[in-house]
Ligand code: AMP
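To begin, one chain is listed below as structure tokens, in the form predicted alone.
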Amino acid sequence: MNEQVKLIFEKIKEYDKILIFRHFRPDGDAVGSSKGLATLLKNTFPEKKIYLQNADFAEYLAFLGGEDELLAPEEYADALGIVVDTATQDRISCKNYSLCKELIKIDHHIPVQSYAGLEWVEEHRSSCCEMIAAFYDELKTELKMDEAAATLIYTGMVTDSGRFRFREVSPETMRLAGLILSQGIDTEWLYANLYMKEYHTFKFEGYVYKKMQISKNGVVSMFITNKMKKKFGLSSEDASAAVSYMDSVKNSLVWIAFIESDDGAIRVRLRSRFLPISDIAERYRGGGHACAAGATVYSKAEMKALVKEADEKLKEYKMAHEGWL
């Protein structure tokens, strides 16, 4: 048995109260791993108090169910905290995580910061939900899986792997996906919910195709302003989806969406094919996976500088790699 899995399970058995955290602006993997783990543990330990503790909610994933209310700060002192799918402390949604008696980190991002007493990090995994599936696989005789937990875990595996298309997907990923699928998940219902879009979202998608720009060496980018979000009735999640609209432009291996926020910050979603871009994200207050990262900038000048860095890096990659596509 994986030593980290063993130690985590021993800690879980030790505590009567377990609080589960994830990163802010949650995606399918953050929601799936936090809610999936919570459901799995509730099935196994009905006598324990197990709560999700997160300060924000992803409206587009509402079909996966609601969230627990935040507890009073004094409720944290005797609890075990588990943070999933979050590389750094500043991205943890609920800042009261630090009040927990002990903290565990379960994550698949490039390790940037150590912030928990017990950490299980496997950056080669395609999703944190794949790690939760592996956790279950190691402890099948101890843990009680059901369709609800399996649906949550499978959702994160599907979404964070690009529907099992990304490089990190391995034979082990597919074996674990099969294990989770064996619980009787309604995949038709799940995919219908994941792919359904509001009419205004389609209108916005067409607008992105019209307005997106491409640099000299093939970096495709788009700046989504608050004015655009208002015009098309977009949530922050809707606007962020623009990055996926730009992923198939010929001769482009890097695509970037800049999303203006009400607080003056500009969120950046970076994606690439073949060449790593997480180092660029790290220089702009962010990080993530080698080919899928996020950052934050505060001006058009910073936006321009980031695109220039990406363009230079793409130029070097193309020069060094014949037959890159």
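Residue positions are given as counts along the sequence shown, with the first one as 1. Computed from a predicted structure; not experimentally measured.
The form predicted in complex with adenosine monophosphate exists for this protein as well; it is not shown, and the discussion that follows is about that form.
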Proximity of G28 to adenosine monophosphate in the predicted complex, heavy atoms at 4.5 Å: no
Please check if R267 has a heavy atom lying within 4.5 Å of any heavy atom of adenosine monophosphate in the predicted complex. yes
State yes or no: in the predicted complex, is some non-hydrogen atom of V297 no more than 4.5 angstroms from a non-hydrogen atom of adenosine monophosphate? no
So, in the predicted complex, is R271 in contact with adenosine monophosphate at a 4.5 angstroms heavy atom limit? yes
Stretch in contact in the predicted complex with adenosine monophosphate, which is absent here, among 66-74, 282-290, 51-59, 37-45 (heavy atoms within 4.5 Å): 282-290
Residue by residue through 89-104, tell me which have a non-hydrogen atom within 4.5 angstroms of adenosine monophosphate in the predicted complex. R91
